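Only one chain comes next, encoded as structure tokens, the form predicted alone.
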Amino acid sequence: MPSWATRNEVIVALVIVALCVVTALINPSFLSLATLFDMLRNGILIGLLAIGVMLVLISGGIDVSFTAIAAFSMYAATMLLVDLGIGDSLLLAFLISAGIGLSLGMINALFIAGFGLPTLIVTLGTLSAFRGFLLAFVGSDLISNVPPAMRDFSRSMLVRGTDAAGYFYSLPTAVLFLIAAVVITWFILYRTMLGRSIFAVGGSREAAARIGFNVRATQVFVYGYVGVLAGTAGLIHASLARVANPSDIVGLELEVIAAVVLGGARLTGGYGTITGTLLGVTLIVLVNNTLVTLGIPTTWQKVMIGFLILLGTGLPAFQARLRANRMG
């Protein structure tokens, strides 16, 4: 791992510790299992989406359509399960949602890998197209009568109880999906030739092609994988909320991208780590939670997220310029 990435992760970890200490001093109840498990629950959606975005950034692309894919997959899958009366199988629910996400991801892959169009332009277009198609042709009403399998899944907990202070805590089974995504993605990136090709394509597409990597196949995998993760994340979100709202999820793009960038992934491609991404997710979730805990208006969340994006992208660029000046 490059030294700048290691430093970036250490800085983010120190900021997390400092923020926890300050919040705990102001509000001692912050240091509790209830708070920890609440943050883990809030981090499932952002974490799954961030892992997908990390892969895109490593491969040298930028994707902003993942939230639209998640919302589309979640809502369409829930509607199908309800209308067809097949909502008793959780496995089927996830297969349908992940399959829809994969299909939408393949649309991105078609334009990016097939036609060679810029990733940002393509995903900006599909963000609007997927969103518009969902609301115009699929549905725009809340689905509050989610299928039984989704309701049962929302009640499934790994841990639950009450601490000494009387606060109830619970950790949903859904966190296992995030753990599985982390393990699978780590294995792909660091134990397979596919992972090497993702890093190589992000470093230099031309160089990757010259040494034998299939650039187009790599891009197809990346955007398909993002679609699967987004579809899975969307269904988890609807299950935990016990309602399928087509207006949910879209709008989280900045928070997710901020988490990945803060974790050390470069917008220019070729670098990124799962550890850094998870630290970035932790910081974003912590910022959102602590502002509420400290009684700061939620409108300041956007200000903080914007500041963190500037910090995450500006600090590495500043460090690179300093190194270049020293070498010069």
Partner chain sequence: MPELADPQTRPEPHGGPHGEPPALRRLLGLVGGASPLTRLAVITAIIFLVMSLLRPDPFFTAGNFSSMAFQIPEFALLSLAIMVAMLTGGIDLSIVGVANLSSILAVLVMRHLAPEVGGEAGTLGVIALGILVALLCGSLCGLLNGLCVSYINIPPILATLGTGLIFTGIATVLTGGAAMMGFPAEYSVIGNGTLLYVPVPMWIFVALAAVVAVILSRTAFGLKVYMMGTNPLASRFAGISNAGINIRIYMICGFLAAVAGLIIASRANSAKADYGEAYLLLSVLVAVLGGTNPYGGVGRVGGIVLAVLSMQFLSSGFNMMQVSNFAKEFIWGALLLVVMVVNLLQFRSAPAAPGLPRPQGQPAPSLDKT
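Note that the structure is a prediction, hence the values are computed from the model and not measured. Residue numbers count along the first chain shown, from 1.
If you look for the form predicted together with the partner chain, you will not find it shown, but the lines that follow are about it.
Asks: With the partner chain left out of view, choose which of Ala136, Ala165, Leu84, Ala180 has a non-hydrogen atom within 4.5 angstroms of it in the predicted complex.
Replies: Filtering the options by heavy-atom distance leaves Ala136.
Asks: Looking at 274-282, 56-64, 25-33, 38-46, which stretch has residues with any non-hydrogen atom within 4.5 Å of the partner chain in the predicted complex?
Replies: Selected range: 56-64.
Asks: Please state whether every one of the three residues Thr119, Arg131 and Gly202 places a non-hydrogen atom within 4.5 angstroms of the partner chain in the predicted complex.
Replies: The answer is yes; Thr119, Arg131 and Gly202 each reach the partner chain.
Asks: Does any part of Leu254 reach within 4.5 Å of the partner chain in the predicted complex? Heavy atoms only, please.
Replies: Answer yes; at least one heavy atom of Leu254 falls within 4.5 Å of the partner chain in the predicted complex.
Asks: Mark Glu206 yes when one of its heavy atoms lies within 4.5 Å of a heavy atom of the partner chain in the predicted complex, and no otherwise.
Replies: Glu206: yes, in contact with the partner chain in the predicted complex.
Asks: Any of the heavy atoms of Ala18 lying within 4.5 Å of the partner chain in the predicted complex?
Replies: Outside the cut-off, so no.
Asks: Does the 4.5 Å heavy atom contact test between Leu267 and the partner chain in the predicted complex come out positive?
Replies: Yes - in the predicted complex, heavy atoms of Leu267 and the partner chain come within 4.5 Å of each other.
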